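Let's start with one chain on its own, the form predicted alone, as structure tokens.
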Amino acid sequence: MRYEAIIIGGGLGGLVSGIRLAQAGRRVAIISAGKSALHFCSGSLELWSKWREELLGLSESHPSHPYNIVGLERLERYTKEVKEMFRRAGMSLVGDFEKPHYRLTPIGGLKPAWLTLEEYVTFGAKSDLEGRRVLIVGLEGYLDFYPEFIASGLGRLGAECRVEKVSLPELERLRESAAEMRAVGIARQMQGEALERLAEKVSGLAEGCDLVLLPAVFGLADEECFRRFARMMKPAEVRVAPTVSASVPGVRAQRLLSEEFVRLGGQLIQGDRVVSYQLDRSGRIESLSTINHADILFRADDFILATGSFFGRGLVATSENIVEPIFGLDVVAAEAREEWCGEKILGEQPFQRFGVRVDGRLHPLKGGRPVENLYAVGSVLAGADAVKEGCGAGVVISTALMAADEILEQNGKRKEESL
């Protein structure tokens, strides 16, 4: 099979770069092994755990950070472009680069965020909670939502919170199995009469409240399910709060971005894993081999590695070292195993910054030399601590868009040279 570009990995980074290339008319394929970290999305895309001013000094404070390759000007531009990309795919995001907001965590804390899906609750400042009368509604038998923790957290910031739980007959069957009584299973029931019944019950509890929070269990298919529910709940403002485990909006984002990629002409090859590669005489990658297509080579001019970190097996820890398993790329990691982790479980963990070493154009190095037609993006890169810095989505999106733009630029140069 012949393409202009092949992307390894079907998570956020792979889909964003794939959509960018497909929009430009390139023949592109994504090879995806399975579910990605996008399924666990909090509802927000984080850029940095502090405010914008700290990014200005990043080249000195964090010289190896991927943001230094992208550059602040391009990072700001990409934040606007991805917002429009999500809108075209059917997801509304609020927020912008200049003015971060606060998102709610599943245990009632507030964290800075860059962009957040529209149905999630956000606050411009912590002081916005002073005097708010908040109703937090849980569902009987649903254990992945913590209304008491949320009430405690918001209460410390001046909100007057009340917790209630409701039950629905549509959810009784799900309660028989802990595996079914999860966000995705509940979301499948939240339609038609069940949605109307929930709105009626919550409306009866919401008198005197100016904000109603429910778990994010609405709309596997699109945003309209929650919008219908919110219209039933007027005049109270209704928003969702994040849950743990699989995220309904995360599953929705995965599906809608995948559909957008295919709609633009991209080919999505799911449930397959790249196991080897072949080089041409100049040392460039010529083709890939996969488990499910052992007798078929996937050929392309350019390749993007978007396999993620340890979660997606983009990096693999052996008993002796950290490796990138497909191409054997150079990896930045501590040599001594005892230096991989910090002493305190909640402290900084060195392994978070492990990853593939790249040049200034996101070409990964192999034996100290860049692989000219391969680009590495997202959490497979070295230098970022997504947990401590709150930059996971920002690194993924900005490097994915940069890699796609690099490919488009190089393709343009090759065409000019051939004329």
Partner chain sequence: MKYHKRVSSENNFEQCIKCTICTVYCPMLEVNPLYPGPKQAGPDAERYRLKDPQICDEALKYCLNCKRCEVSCPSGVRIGDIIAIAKAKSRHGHSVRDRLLSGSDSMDGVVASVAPALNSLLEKKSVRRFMDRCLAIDERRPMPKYASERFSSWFRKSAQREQEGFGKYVTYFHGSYVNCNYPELGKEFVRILNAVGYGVRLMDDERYCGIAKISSGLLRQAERDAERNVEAIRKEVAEGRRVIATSPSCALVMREEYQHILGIDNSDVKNYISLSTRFLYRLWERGEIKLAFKEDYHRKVAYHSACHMEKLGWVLYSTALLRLVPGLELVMLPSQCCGMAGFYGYKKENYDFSQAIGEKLFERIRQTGVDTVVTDCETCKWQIEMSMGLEVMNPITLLAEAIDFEKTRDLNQNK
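Numbering follows the first chain given and starts at 1. Note that the structure is a prediction, hence the values are computed from the model and not measured.
The same protein also exists as the form predicted together with its partner chain; that form is not shown, yet it is the one meant from here on.
Novice: Taking 4.5 angstroms as the heavy atom distance cut-off, pick the stretch from 108-116, 91-99, 313-321, 145-153 that is near its partner chain in the model of the complex.
Specialist: Partner-contacting stretch among the options: 313-321.
Novice: By the heavy atom within 4.5 Å rule, which residue out of 177, 278, 127, 282 makes contact with its partner chain in the model of the complex?
Specialist: Selected residue: 177.
Novice: Tell me, which of 195, 184, 211, 332 has a heavy atom within 4.5 angstroms of its partner chain in the model of the complex?
Specialist: Looking at 195, 184, 211, 332 one by one, just 184 meets the 4.5 Å heavy-atom criterion.
Novice: I have 20, 75 and 360 flagged as a candidate spot, so tell me whether each of them has a non-hydrogen atom within 4.5 Å of its partner chain in the model of the complex.
Specialist: So, no: the whole triplet misses its partner chain.
Novice: I'd like to know whether residue 413 contacts its partner chain in the model of the complex, with contact meaning heavy atoms within 4.5 angstroms.
Specialist: Answer no; every heavy atom of residue 413 is more than 4.5 Å from its partner chain in the model of the complex.
Novice: Please run the contact check for residue 39 against its partner chain in the model of the complex: heavy atoms, 4.5 angstroms, yes or no?
Specialist: Yes - in the model of the complex, heavy atoms of residue 39 and its partner chain come within 4.5 Å of each other.
Novice: Taking heavy atoms and a 4.5 Å cut-off, does residue 228 contact its partner chain in the model of the complex?
Specialist: No, residue 228 sits far enough from its partner chain in the model of the complex that none of its heavy atoms falls within 4.5 Å.
Novice: Wondering, does residue 34 line up within 4.5 Å of its partner chain in the model of the complex on heavy atoms?
Specialist: Result yes; residue 34 sits at the interface with its partner chain in the model of the complex.
Novice: Hey, which residues along 212-248 are within 4.5 angstroms of its partner chain in the model of the complex, non-hydrogen atoms only?
Specialist: Contacting residues: 245, 246.
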